[in-house]
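A lone chain, given as structure tokens: the form predicted alone.
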């Protein structure tokens, strides 16, 4: 990324009315927020605004209500959870752009925090409607986007609103963009990429971009099976996409052309049942002795050693997706060993590591190394699209702001 947006300078927000766009899409159980992680993340930015006497209008979506009010997707319980995390009152306003919301914003005093109702209750949010965005920011002086995880969506509160007021990136947004810039925008080389997960089809754009950017690309998980199939290796009942073997060959050719070392597993752990502790054995793929009812569920010890050897000299690493069926022991060995190796290199200062994606976070938690990586992104789609080299509408809107 050649250019980063302007970060918010909190001292300049003194006594301003600020729209603070966040992602508070937290899990719920029995009408209450069951995990406060997503709520806690933007808390520091909100409190920094409160300290400056700003009037903070918190805006977020929640779930997929399809453009109409849905009581179970109201942000009311989220406002309560945010108040708890801030240790500061948050007034919930059951309106978005109507008279009730406008009056609530006008009635605010310095240091007040209010939360508007779920933005997606109005179909104009997802339609990126300018008239809706104008009403949304009508009573505010400044717009701040602290929701990187939503910034791949061209929605009214993400893009149109940023065009209508002086717009800045919040602290979470800046931390994310700076971390990503460090690994793909301006990486210290050699740069390694670890890409796992089930399907090549879901990460075609990612693989195609990374073979041009990375010095080393390690492919694991179910998607490695499609590459093995492309090499003529019998993979038994393993998950694979036979219709994408030509694409796998094209990615291999592109890696060769760009000087990217593509590391595929040479051995794997196979079982005939997809279950924890299923009877299993290690197979060398060159021997092609995988039975028709056996599935490759993890990379083998030689594959782990080769991946570690390829990663060790690298100064920068990006990780997306597990190396095997990590949720089923003992098929978590490759993911755990590789994650701990990267964690160790990151901790000793020889590597900057950035990871992201839902399965990736679960895998790093499983390996106990979440806090050892340099940066872990909680953004799913936005993280993936950024790695694919696609411009994110929310970031582009901030770059164009006055």
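Numbering follows the first chain given and starts at 1. Small disclaimer: the values here were computed from a predicted structure and weren't measured.
Another form exists, predicted together with adenosine monophosphate; not displayed. Remarks below refer to it.
- The candidate spot formed by 197, 221 and 297 lies fully in contact with adenosine monophosphate in the model of the complex, as each residue has a heavy atom within 4.5 Å of it.
- Within 4.5 Å of any heavy atom of adenosine monophosphate in the model of the complex lies no heavy atom of residue 157.
- Although the partner is absent from this view, residue 327 contacts adenosine monophosphate in the model of the complex, with a non-hydrogen atom inside 4.5 angstroms.
- Contact annotation: residue 268 falls outside 4.5 Å of adenosine monophosphate in the model of the complex, judged by heavy atom distances.
- Adenosine monophosphate is not drawn, but in the model of the complex it has a heavy atom within 4.5 Å of residue 202.
- Here the chain stands by itself, but in the model of the complex one stretch of 72-80, 160-168, 289-297, 138-146, 289-297, has heavy atoms within 4.5 Å of adenosine monophosphate.
- Checking 239, 305, 100, 86 against adenosine monophosphate in the model of the complex, a heavy atom within 4.5 Å turns up for just one residue: 239.
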